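Just the one chain here, the form predicted alone, laid out as structure tokens.
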């Protein structure tokens, strides 16, 4: 039987690293569990604030408040004006915004596929579901500095007060991509993100597919 001390055997580094890993994994697990409620609360607040932000301009026009004041008064303002609902046949997280007896519109949680993974957004529509009040992308996996720029204000601002239903045909509006920086000449032209044509097209497809589903839920639930 060998009298070699255990620390000098080839097994010692393996056992040592294994114990270190177990300790650190345990510490990380405890830290995650202890902070999980705060993380979920933060995610919920961020989500609800985005819904409120989409309707803040309309709420401000009907009250003496500014959009900034309405957002600053969260969560009271959210609880006063926004309500989770379930519209018949539409299997999407849906919300209704109202000021007193005045219905301002609906907000839907929509999803699609980008270049590198899934993307999700909140889209606010008028009560007749024919015009978009605005859109905010809250989850995407696109390339930083390129496709990820779909979350920038200049890109999202293009969808404010944008018709999504062609009044002549009654069908979902067909959008045309134009180069970034070029002035739009019609309400169906969207500036694409330079160097991210696929990602921009993915956003347009997500909007078209989901608006079509919202107007025609009997056609089948999209992923």
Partner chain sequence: MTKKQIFITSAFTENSVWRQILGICSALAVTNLMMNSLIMGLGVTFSLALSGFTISLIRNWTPRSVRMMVQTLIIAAYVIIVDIFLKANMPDISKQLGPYVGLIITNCILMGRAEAFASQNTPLDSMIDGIGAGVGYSLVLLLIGFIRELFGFGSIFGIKVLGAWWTPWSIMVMAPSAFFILAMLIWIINIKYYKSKG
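Given the structure is predicted, the values throughout are model-derived calculations rather than measurements. Numbering follows the first chain given and starts at 1.
The same protein has a further form, the form predicted together with the partner chain, not shown here; the description that follows concerns it.
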Using a 4.5 Å heavy atom cut-off, are 12, 20 and 24 all in contact with the partner chain in the predicted complex? yes
Please pick out the stretch from 31-39, 56-64, 161-169, 192-200 that is in contact with the partner chain in the predicted complex, where contact means heavy atoms within 4.5 Å. 31-39
Is there any non-hydrogen atom of residue 187 lying within 4.5 Å of the partner chain in the predicted complex? no
Proximity of residue 69 to the partner chain in the predicted complex, heavy atoms at 4.5 Å: no
Sequence-ordered list of residues in 72-104 near the partner chain in the predicted complex, where near means a heavy atom within 4.5 Å: none
